[in-house]
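One chain comes next, on its own, written as structure tokens: the form predicted on its own.
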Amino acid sequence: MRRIFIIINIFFLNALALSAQTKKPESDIDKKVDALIAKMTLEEKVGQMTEVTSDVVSTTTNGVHEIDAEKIKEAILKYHVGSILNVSGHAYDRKHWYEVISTIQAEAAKDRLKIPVIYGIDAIHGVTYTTGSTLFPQEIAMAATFNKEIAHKAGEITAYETRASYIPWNYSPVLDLGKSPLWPRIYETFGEDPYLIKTMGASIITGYQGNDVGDKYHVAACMKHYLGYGDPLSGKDRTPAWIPDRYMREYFLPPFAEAVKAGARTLMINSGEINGVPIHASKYMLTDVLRGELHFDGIAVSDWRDIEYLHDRHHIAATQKEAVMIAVNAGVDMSMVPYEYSFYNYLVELVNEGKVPMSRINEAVHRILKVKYQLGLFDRPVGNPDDYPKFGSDEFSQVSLNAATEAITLLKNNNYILPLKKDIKVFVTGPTANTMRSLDGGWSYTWQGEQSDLFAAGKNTILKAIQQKIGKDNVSYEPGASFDSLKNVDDAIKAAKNSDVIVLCLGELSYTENVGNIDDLNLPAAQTQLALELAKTGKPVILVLAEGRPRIVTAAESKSAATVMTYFSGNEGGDALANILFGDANPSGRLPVTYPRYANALVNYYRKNLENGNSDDQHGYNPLYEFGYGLSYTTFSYNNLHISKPDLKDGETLTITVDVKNTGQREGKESVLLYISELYASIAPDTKRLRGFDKIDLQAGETKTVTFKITPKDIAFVNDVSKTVTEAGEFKIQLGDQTQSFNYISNTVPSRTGKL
């Protein structure tokens, strides 16, 4: 064991040495920052590292939240606060945002050095706290599109509308591995697969930041939550995870590494703890890995109150002052305090006492000021209201509608019951049928999204979209159940009997973080009972699942004629679903998570071979639906899988091609997923892993050739001493129903073919 630790330490020392050798030359912005830091007092520097919530500088009168003159004066002129975040209570209109940001920046201009404040917001699926904005599908649904271009375009529009709200910093994207279905933030992730997450994440980051993050249409992205947040052992938010270093590097780290390469300017830290170590206290994670290995040079900001929680919750700091010392020395640059100025006071004391070196303060402040310069805040602290004529436009709504349409996933279609005809009688029922909360999810107008029906009143729920599609006279409605109890079920059954088809909408109400914690992954019993009672009518049931995580629906799903997953598909999700149900759009979504069949059978698709079971084992891998599954109203065939060479060697590239044909009668989009598995390795190999994907559009009868290029790096894994390696041996390619094998031949790593 000692030998392993020595190897790991040597690895990190070498990485740090390499980092020092490859340090970029100082830019013009770096020189400006250095000159400004040379003028700053300790108090001004620590102020830049302090972030408070808007409540600290606001006053509420008759429900109206306004910046309080004395409070903002105290924040800026006394404490030199560098950042403010969040909203007070509910979404603001653009006019109010202009007043808020203008007042804050005007006060900052009165401070000695006139350093602008950087304002941050959680615009995680559109500008969630600005009325009239374009709300996109949540990340889990965006992942289901398997469409990098849609993610990029959504990022561009979100950045445009965030800047139109005069805010330059977006706490997005979430790059956590959505591994535990119980976790209430699954819907904020791009799913369970590292390759899908890193690819979609990089696409949305480049959309947010553009070619010039400082122009008036782009914002600084914030990759979060670094690192290992999405796999708590209990499934509850902000609870401990147990993740070995090798496992962390194999599955959790790649999305963040890719985000750094994509140029993400900022990063937010995991609120939890891993192997007993809170990430906010981990110098290994925040300095050795993040800075030394990934070469990230942007701002690392804490999450909400997480430095004080080192004392209050984690109990690794005996006092709040010690908590500040531990976190800052570990590598936290900015503290989302967020309610008062204790962080500021403690940090000033700690520097004066020599417990936090001035070099660490200068390092953090340099990163903060550099991002402010990159964003153009010194030249343009407040935007021009007239620069954003497309805010909330029909053009932007159409992009959201397209995203929702490509996200919605058809999971079952017995006897091709879908698409439905438009001249039939439809009974719509279920708790998610007539609320925008089950389309938008959390972080929508408010933190928990509980006011979505108010703020999105002009958008169509599932019920309203169906009524609009085929006429109110052809649609009947009874809720049948709330989210956890039956409601006039006899009326629902009666209405169902008078219909041709039942559209049963089950799932979840909006939630996020701790509020979304559950003790049982099963869908609440009342919803399942409603499904079973309606099935007894003999009418075909179209089961629509509007949910943020894969709740267990096995009993209800077994009675459906068709099953459709809508996720939290955003403001246009109702219209997108109606278009699909009635054939005006062709579904093309694919599951970005494995949908479990049972509550205690939670295995991700990249399982180990031991998890597959065998002929004598009835409890092996047997999900309701596997990652990557999804149906269409047309059919596709895969043929002519070809590889450019039978052997891949060091320094070479393998070209993989396959012909995909639309063999049906209508146009359709197909996500072409490339899986590669190594047959034998020194670490038990995954059954298969996603190594590439592409989304193509095919007319009926049309064939396209899809090409992927693979290098040895793309099929590497992390070995038992936390080193990324590609071992020689045989690899299997899978594209659709086509398979092909190739060998990787290494000059340095022995073969693992299993042959003597």
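Not measured: the values here are computed from a predicted model. Residue numbers run from 1 along the displayed sequence.
Just so you know, the form predicted in complex with beta-D-glucopyranose (BGC) exists too; it's not on screen, but the next bit is about it.
Of the stretches 303-311, 618-626, 536-544, 151-159, only 303-311 has residues with a heavy atom within 4.5 Å of beta-D-glucopyranose (BGC) in the predicted complex. Within 4.5 Å of beta-D-glucopyranose (BGC) in the predicted complex, a heavy atom is found for all three of K224, R238 and E513. Residue contact with beta-D-glucopyranose (BGC) in the predicted complex: M336 places a heavy atom within 4.5 Å of it.
Using a 4.5 Å cutoff between non-hydrogen atoms, M268 counts as a contact of beta-D-glucopyranose (BGC) in the predicted complex. Heavy atoms of R185 reach within 4.5 Å of beta-D-glucopyranose (BGC) in the predicted complex, making it an interface residue. None of the heavy atoms of T435 is located within 4.5 Å of beta-D-glucopyranose (BGC) in the predicted complex. Contact annotation: of the candidates D122, E293, D686, E478, the single residue with a non-hydrogen atom within 4.5 angstroms of beta-D-glucopyranose (BGC) in the predicted complex is D122.
Checking F427, W443, F343, Y208 for any heavy atom within 4.5 Å of beta-D-glucopyranose (BGC) in the predicted complex turns up a single hit: W443.
Residues L85, N86 are the ones in 82-109 with at least one heavy atom within 4.5 Å of beta-D-glucopyranose (BGC) in the predicted complex, listed in sequence order.
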